[in-house]
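Okay, here we've got a single chain as structure tokens, the form predicted alone, with questions on binding and movement later.
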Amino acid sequence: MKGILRSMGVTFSAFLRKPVTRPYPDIHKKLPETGRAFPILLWDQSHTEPYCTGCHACERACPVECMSVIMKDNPNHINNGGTSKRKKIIDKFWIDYARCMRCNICVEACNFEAIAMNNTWSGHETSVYDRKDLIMDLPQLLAQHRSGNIDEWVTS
């Protein structure tokens, strides 16, 4: 009888405890600053153009070759009557998130600080039905920084 009462006490105390799980889709855990998500391109608000000049440094440094970069002459360059100091900018840029291993080497290799790791929940949650949907092009890579949806410490 004593054992039954003790086991009922343990069961009752477990019944009164707070749940240890989190309602995931509604409440997100705070992400650590050192965590890595997927790379995104940064947008220069003062010149309304991307920081990326298309120098191919990130593409050459990528160990899994998941990036493709094409550059063009900048129509906003000072010699063309514009306000930008960049002679070249990117014309097309693709990152295959399905192949990306989030190693951060592309961010370290960039001389212009034009690429950063998107350490927000939208940067981590990229589930799709088709792997072809994980190939991000230039507008998709610039969209989050242009809209201001990423934290300031991601870009610094």
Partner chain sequence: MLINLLVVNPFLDNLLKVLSLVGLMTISAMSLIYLERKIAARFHMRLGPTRTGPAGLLQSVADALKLLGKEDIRPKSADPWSFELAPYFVFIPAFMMLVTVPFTLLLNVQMFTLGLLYLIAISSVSIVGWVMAGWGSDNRYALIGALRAAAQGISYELPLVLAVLCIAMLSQSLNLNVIIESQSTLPNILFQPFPLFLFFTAALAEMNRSPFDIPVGESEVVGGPFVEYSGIRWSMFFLAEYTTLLVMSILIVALFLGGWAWPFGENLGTFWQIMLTLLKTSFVIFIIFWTRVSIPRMRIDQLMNFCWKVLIPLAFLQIFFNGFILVLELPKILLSISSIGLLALLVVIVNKSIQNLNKEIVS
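Between two forms, the rigid core is defined as the largest C-alpha subset superposing within 1.5 Å. Note that the structure is predicted; figures quoted are calculated from it, not measured. Positions refer to the first chain, counted from 1.
Unshown form predicted together with its partner chain; subsequent notes refer to it.
J.: In the predicted complex, is there a heavy atom of its partner chain that lies within 4.5 Å of any heavy atom of Thr11, even though the partner is absent here?
T.: The answer is yes: Thr11 has a heavy atom within 4.5 Å of its partner chain.
J.: So which bits of 21-39 sit within 4.5 Å of its partner chain in the predicted complex, heavy atoms only?
T.: Residues within 4.5 Å: Thr21, Arg22, Pro23, Pro25, Asp26.
J.: For Pro139, does the CA position differ by 2 Å or more between the shown form and the other one when the superposition is done on the rigid core?
T.: Where the cores coincide, Pro139 shows only a C-alpha shift between the shown form and the other one that is less than 2 Å.
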